[in-house]
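What follows is one chain in structure tokens, specifically the form predicted alone.
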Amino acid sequence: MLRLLSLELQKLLLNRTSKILIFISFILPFFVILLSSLKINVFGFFTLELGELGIFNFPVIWHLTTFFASQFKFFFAIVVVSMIGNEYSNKTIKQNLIDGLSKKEFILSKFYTIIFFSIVSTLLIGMISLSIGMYYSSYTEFSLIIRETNFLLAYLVKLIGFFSLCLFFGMLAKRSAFALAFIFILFILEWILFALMTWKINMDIAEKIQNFFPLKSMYNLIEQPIQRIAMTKIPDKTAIVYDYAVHWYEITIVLGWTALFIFLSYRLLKIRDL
């Protein structure tokens, strides 16, 4: 595993564009810190400081930071599809196989790289969240600090799942731009299918089926935290209650898609004439 990971990291770090995109991918989560220090002047009457509103209290901060950090995943998605696009455009994929790398090892090297960067990103956002929480949170009991750290697991699974999808589309399209276009097309198709199911069946069944779609299942891992924050500020919360928890079956669905995307990537490479 370490040999395959080292091989792939060398390729990425020798590519200037990849190095820049990787650097941006790891820098962007730090914007969450800027969010915590943001001050909003309300028409000159008073200044609203987000850090003083209690939204960075434990344990809600794990939910808040992982949700916003996950919006920056598209930068590393470009790196993932570029990994494949460059292999085909530079003919290095054929050379690697000639040099003794099996097709299985080739796919695994990409997958190990995805896991590596996903873990690094998760550790980074975990340290950022802990630092902000320790500074702003009114609650510093150990039980509250570690409560809901399962959002970090959901964040990790979400990244691995999404980047595995990018890997599959990269293998399918062989070109970075086309692979990214396929992701956008998949997003549109999911909503078209949902609309058709809503029209033909009913809303409840359509929503249950939609939760098994690739992109929707990944989104479900970390629901938006806005309603949750509102629930802490509004006395009558019954009208806005929603399920924001991380569920084991949602993680299982995404892991299932991840395994399928890796398997399909391998099958594509195995049957394709290089």
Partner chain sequence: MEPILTINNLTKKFGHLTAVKDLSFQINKGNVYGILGPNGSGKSTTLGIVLNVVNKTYGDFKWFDGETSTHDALKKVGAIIERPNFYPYMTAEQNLKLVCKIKGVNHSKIDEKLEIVGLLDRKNSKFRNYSLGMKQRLAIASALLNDPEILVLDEPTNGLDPQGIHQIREIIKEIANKGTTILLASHLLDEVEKVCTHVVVLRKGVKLYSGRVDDMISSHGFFELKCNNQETLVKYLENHSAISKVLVKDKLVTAFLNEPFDTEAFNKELFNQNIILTHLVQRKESLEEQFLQLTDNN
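Residue numbers count along the first chain shown, from 1. Model, not experiment: these values are computed from the prediction.
The next section is about a form of this same protein that is not shown, the form predicted together with its partner chain.
Engineer: Using a 4.5 Å cut on heavy atoms, which of Ile146, Leu97, Leu189, Ala195 is close to its partner chain in the model of the complex?
Structural biologist: After the contact test, the surviving option is Leu97.
Engineer: Just give me the single entry in Gln71, Asn90, Ser131, Asn202 that has a non-hydrogen atom within 4.5 angstroms of its partner chain in the model of the complex.
Structural biologist: Result of the distance check: Asn90.
Engineer: Name the stretch: of 178-186, 156-164, 131-139, 82-90, exactly one has residues whose heavy atoms fall within 4.5 Å of its partner chain in the model of the complex.
Structural biologist: That would be 82-90.
Engineer: Hey, in the model of the complex, does Leu101 get a heavy atom within 4.5 angstroms of its partner chain?
Structural biologist: So Leu101 counts as contacting its partner chain.
Engineer: Is Gln10 close enough to touch its partner chain in the model of the complex, meaning at least one heavy atom pair within 4.5 Å?
Structural biologist: Within the cut-off, so yes.
Engineer: Evaluate Asn15 for contact with its partner chain in the model of the complex, applying a 4.5 angstroms cut-off between non-hydrogen atoms, and reply yes or no.
Structural biologist: Asn15: contacts its partner chain in the model of the complex.
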